[in-house]
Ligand SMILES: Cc1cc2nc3c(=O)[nH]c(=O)nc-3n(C[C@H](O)[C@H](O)[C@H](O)COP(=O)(O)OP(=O)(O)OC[C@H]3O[C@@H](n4cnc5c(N)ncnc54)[C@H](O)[C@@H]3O)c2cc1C
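This document opens with one chain alone, in structure tokens, the form predicted alone.
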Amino acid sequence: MKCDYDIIINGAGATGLSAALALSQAGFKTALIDAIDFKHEGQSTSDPRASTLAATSLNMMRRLGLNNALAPHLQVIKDMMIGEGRPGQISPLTLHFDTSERDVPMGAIIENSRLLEVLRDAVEQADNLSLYLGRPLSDFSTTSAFAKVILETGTELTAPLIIAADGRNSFLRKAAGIAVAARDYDQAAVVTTVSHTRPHGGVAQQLFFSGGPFALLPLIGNRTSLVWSDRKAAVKAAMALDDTAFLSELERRFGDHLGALTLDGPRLSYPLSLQMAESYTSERLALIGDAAHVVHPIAGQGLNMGLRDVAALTDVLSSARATGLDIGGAELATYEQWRAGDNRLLGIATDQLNHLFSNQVTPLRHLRRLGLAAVDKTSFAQKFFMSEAAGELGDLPPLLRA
């Protein structure tokens, strides 16, 4: 049977859009489905979140031809500071990752809305790529030879392979009967953007308070994205504050080192959890991004994990096609072996970091401070952790290489 497409992707978030670009550019006839018609609904300004693009993810964006479009929106990370915080006070025993001696930046921060804008523009202009927007998926089935999806409009599409990029509540993952292992942290995050009178110098900060991490992510200009993780009750209370009281609480937490603050966008809150799919593949189905894994934002690696999935899957499928193999067949096991272990290890690491730094037992708090200070003074340890944060360790697929 001749299929309509080589690959069908469900989900046009950052990971799904990146997969659509990577696979269509690799020569696969690709279809991208999403319930939202972003071509006609315009760019949403209601999402204040920002993402860290690790060095290897920046390599991928260049290889996809997006460097010039992204460059005006990227704030390079010039330094990272990790330390314990108490309202109005930061421990003097902190860890700095000074990136000045690196040949390439460790990473950069970009607002999600800007990243989506660039990716959406690119897929609209891409060859070998068909968009089915504003048409949610209603059914999914497979045979030994092909997979079929049915849209709510009744349109039927077939392909040797379907890719689930449809988020933590993935329709396709559930339809395939793939179970997940999950942990609710009883934490939530508040995200917003502030402008300030003093420059941030490209310094990203991660401060640990009793309820959870408090991240300051530098943006282009004198602006910073804040990710305040705390217990759900505390986040609910913070979201209920008016702007003046909320801003006062922010200033109380990280002091005045950035000068006077002004809210520069809406507030958003969302619950935090750990979620890992028990399998990344099923018959003629592959999971990528949040459909496969959701981790605590403590290390800022969620999107990078998804982009590594895309790069690895693109390499596996290209190799299968080059040798005449069925791209939706047994070769999918190679993708799972490549990515599942790495993602689960990172999930465990973020889980343990969150547990470690949310524990306020006094002896443990002192040991944490000493540990951060020790890494700060050890060149080898610094270089290792910077390489890990940059995504440069392990077996990298071609799309991630410089």
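Remember, predicted model here, so these are calculated numbers, not experimental data. Position 1 is the first residue in the sequence shown; the rest follow in order.
Not on display, but discussed next: the form predicted in complex with this ligand.
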Is E336 one of the residues lying within 4.5 Å of this ligand in the predicted bound form, judged by heavy atom distances? no
Heavy atom to heavy atom, is N304 within 4.5 Å of this ligand in the predicted bound form? yes
So in the predicted bound form, does G300 come within 4.5 Å of this ligand, heavy atom to heavy atom? yes
Residue-level contact is defined here as any heavy atom of the residue lying within 4.5 Å of this ligand in the predicted bound form; does A349 satisfy this criterion? no
Checking F171, F254, F146, Y185 against this ligand in the predicted bound form, the residue with a non-hydrogen atom inside 4.5 angstroms turns out to be F171
Considering this ligand in the predicted bound form, find the one stretch among 193 to 201, 161 to 169, 245 to 253, 318 to 326 with heavy atoms no farther than 4.5 Å from it. 161 to 169
In the predicted bound form, does each residue in the set A35, A189 and V227 place a non-hydrogen atom within 4.5 angstroms of this ligand? yes
Where, within 1 to 32, is there a heavy atom within 4.5 Å of this ligand in the predicted bound form? Residue list please. N10, G11, A12, G13, A14, T15, G16
